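Presented below, as structure tokens, is a lone chain in the form predicted alone.
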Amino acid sequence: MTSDELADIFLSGDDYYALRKVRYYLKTHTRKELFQELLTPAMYRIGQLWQENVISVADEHLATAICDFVISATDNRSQAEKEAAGKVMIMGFEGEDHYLGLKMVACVFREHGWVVYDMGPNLPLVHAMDAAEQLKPDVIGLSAALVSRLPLVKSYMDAFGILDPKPAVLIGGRAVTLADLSDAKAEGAVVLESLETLQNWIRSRKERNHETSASL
């Protein structure tokens, strides 16, 4: 199955057929491959069709809802590692309404044993700070599909920088592949171009923590 074929299934409105096709795909592929090679490009194609007025807003909303259903239905949390690796709080910038990427990121973290606080999209900074002060996450993940949201990076980074303990900050989403985030990197943010990059970062952090524990 190709991403274009899956996009057509999403647009057909047949959610259970979409789920059956995805479950069959998962028999021979990883969840990372599902997200990166199938779901993400399928939704990009649907977004492009909407921008070109080939499909309606209603069509785009239907496809998004089915993609959401598929991600939730295949999120097997019982397979997550038993050892708690840390706490991560993920969110979308204020004004950012896209959320499917956040759900995929949440799934990847859970598979690696993390406690995930998915705050959803469009979270104003004042509320993000309140949540971070209460939850004290080891990592905060920010997602932006729209380049227009990226000017908010500095204000979020400045605010999270005063948290105690100070969390690592990850920034991902389609927008990071379309803009220069060198300033954010200079301030300590980790910019993630793909879910594979995220998975590699999680594994590297786990290895560093094990090395630190072994040296104590």
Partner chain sequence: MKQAHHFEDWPLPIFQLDRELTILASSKLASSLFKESAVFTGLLEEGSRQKAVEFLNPARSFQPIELTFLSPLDEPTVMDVHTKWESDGIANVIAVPKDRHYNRVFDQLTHLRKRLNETNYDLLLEKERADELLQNVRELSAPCIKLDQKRLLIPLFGLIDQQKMETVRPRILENVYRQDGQIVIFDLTAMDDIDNEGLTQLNALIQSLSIMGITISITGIHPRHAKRLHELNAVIYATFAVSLQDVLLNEH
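Residue numbers count along the first chain shown, from 1. Since the structure is predicted, the reported quantities are computational estimates derived from the model, not experimental observations.
One more form of this protein exists, namely the form predicted in complex with the partner chain; it is left out here, but the text below deals with it.
Looking at His61, you'd find a heavy atom of it within 4.5 angstroms of the partner chain in the model of the complex.
Among heavy atoms of Ser182, none comes within 4.5 Å of the partner chain in the model of the complex. In the model of the complex, none of the heavy atoms of Thr28 sits within 4.5 Å of a heavy atom of the partner chain.
In the model of the complex, at least one heavy atom of Pro121 sits within 4.5 Å of a heavy atom of the partner chain. Partner proximity in the model of the complex, defined as non-hydrogen atoms within 4.5 angstroms of the partner chain, places exactly one of 187 to 195, 33 to 41, 159 to 167, 47 to 55 at the interface: 47 to 55. Shown without its partner, this chain lists Ala84, Met129, Leu135, Ala73 as candidates; in the model of the complex, only Leu135 has a non-hydrogen atom within 4.5 angstroms of the partner chain. Here is the short version: of Leu125, Val139, Ala106, Val115, the single residue with a heavy atom within 4.5 Å of the partner chain in the model of the complex is Val115.
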